[in-house]
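Given as structure tokens, the chain that follows is alone and in the form predicted alone.
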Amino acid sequence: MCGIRTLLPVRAGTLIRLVPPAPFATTEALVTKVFLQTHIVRGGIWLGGLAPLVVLAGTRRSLSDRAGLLWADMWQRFGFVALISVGAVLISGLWLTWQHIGSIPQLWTTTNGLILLVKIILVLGMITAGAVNSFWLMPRIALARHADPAASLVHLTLGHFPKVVWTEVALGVGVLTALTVFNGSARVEATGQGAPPVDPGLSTAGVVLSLTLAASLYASAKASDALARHQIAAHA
């Protein structure tokens, strides 16, 4: 836990130093700063929120069976915060990836590209762990809560759920570790040139992709709720 607390501010400070200084020469520089800050803040909320919760869940031996209801509410509420953070991290990450990657092969033909590829794989792993929580554990928690078996609810919220969250935390620490050695742009490393100016077509594609991503995350949240209701109805 102490290592995570130490690594988060150190990495945040390193990333903040990469932000272009004001005043901004172009609108793209301003957009890059906004997305970079969003990436840092929302990523910190995502990982920084998971780590303390999963550590607190380790105190389950000193809690009563009724604590399961409290933790069910906590996981559900944080799940909403995490969903927003995931959306913000992915959308800002798309922009930042385009800034640093000019073509797919640069992900494995350049040093910075390889580091970014490792980060992408780790983030996808975190999202997968989150999907397990949303589509498998949360419906089971909702069912146990509806049936009111206190021991089962504690087992799910303070047993199974934290194990998956620990996976997210471990992958998140891996992301931070990868970023500590990320320095520069695969575009520059491969071609000696930075990202080209953004044209209207690229801007439109970016907006459409961002809206599609936001809609898919919203649909995922609704699907998780629908799955929970279906399980409750099936066992009624």
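Note that this is a predicted model, so its numbers are computed, not measured. Throughout, we count residues from 1 along the sequence that is shown.
Quick note: we don't show the form predicted together with protoporphyrin IX containing FE, though the next part is all about it.
message: Using a 4.5 Å heavy atom cut-off, which residue among G102, G113, G93, P139 comes into contact with protoporphyrin IX containing FE in the predicted bound form?
response: Answer to the contact question: G93.
What is the one choice in A51, A67, L36, A57 with a heavy atom within 4.5 Å of protoporphyrin IX containing FE in the predicted bound form? So the residue touching protoporphyrin IX containing FE in the predicted bound form, by this definition, is L36.
Spell out, yes or no, whether the shortest heavy atom distance between A82 and protoporphyrin IX containing FE in the predicted bound form is within 4.5 Å. No, A82 stays farther than 4.5 Å from protoporphyrin IX containing FE in the predicted bound form.
So, V89 and protoporphyrin IX containing FE: in the predicted bound form, are they within 4.5 Å at any heavy atom pair?
So V89 counts as contacting protoporphyrin IX containing FE.
*asked:* Please determine whether L179 contacts protoporphyrin IX containing FE in the predicted bound form, using a 4.5 Å cut-off between heavy atoms.
replied: Yes, L179 lies within 4.5 Å of protoporphyrin IX containing FE in the predicted bound form.
Exercise. Is there a heavy atom of V123 no more than 4.5 Å from a heavy atom of protoporphyrin IX containing FE in the predicted bound form?
Worked result: Heavy-atom contact with protoporphyrin IX containing FE at 4.5 Å: present for V123.
TODO: Tell me the stretch among 123-131, 139-147, 74-82, 154-162 that has any heavy atom within 4.5 angstroms of protoporphyrin IX containing FE in the predicted bound form.
DONE: Checking each option against the 4.5 Å cut-off leaves 123-131.
Can you tell me which bits of 40-56 touch protoporphyrin IX containing FE in the predicted bound form, meaning any heavy atom within 4.5 Å?
-> Residues within 4.5 Å: I40, G43, W46, L47.
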